[in-house]
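Next up: a single chain in structure tokens, the form predicted on its own.
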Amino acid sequence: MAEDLVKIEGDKATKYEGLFPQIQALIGDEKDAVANLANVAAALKEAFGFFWIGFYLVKEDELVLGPFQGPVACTRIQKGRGVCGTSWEKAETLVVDDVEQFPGHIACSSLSKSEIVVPLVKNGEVIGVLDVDSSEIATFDSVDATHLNQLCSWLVTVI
């Protein structure tokens, strides 16, 4: 049975650094990808209170909604469309301060104002993306990008 996460005080970097070992312990030896992705989304949501956080997984020629925390979301996203589809296409992390200014943004919720999307790259291929939305403008920065990239690089080794 999983333990409650220990609340970590401090700046964003300190929270990420304290959360990462907790996520590793939470996943432990679990091999089920859905269970692991669900727990990562829940842990990040609990630690940071993000508006929406979840995973989209590559299935054939589109991203399909995976485990998430938050309000209902878009189910399928084409490669190159919106922030998630663009991150998949470019295989790079995208930090968007104001989603309304992003060309082709897909508005799953009008309450989402800023976003970071991190590709999950396994064996040189994007297998999905981690999508994090905030209800405030310019929530995400290089600290989020660095730590979420590290998390996703590790995560693909255990899913």
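Position 1 is the first residue in the sequence shown; the rest follow in order. All figures in this text were calculated on a predicted structure; none of them were measured in a lab.
This next part talks about the form predicted together with a small molecule, which is not shown.
Under a 4.5 angstroms non-hydrogen atom cutoff, the small molecule in the predicted bound form has Trp52 among its neighbouring residues.
By the criterion of a heavy atom within 4.5 Å, Leu111 is excluded from the residues contacting the small molecule in the predicted bound form. Mapping the unseen interface onto this chain, Lys45 falls outside it, with no heavy atom inside 4.5 Å of the small molecule in the predicted bound form. Remark: Ile106 counts among the residues lining the small molecule in the predicted bound form, judged by a heavy atom distance of 4.5 Å or less.
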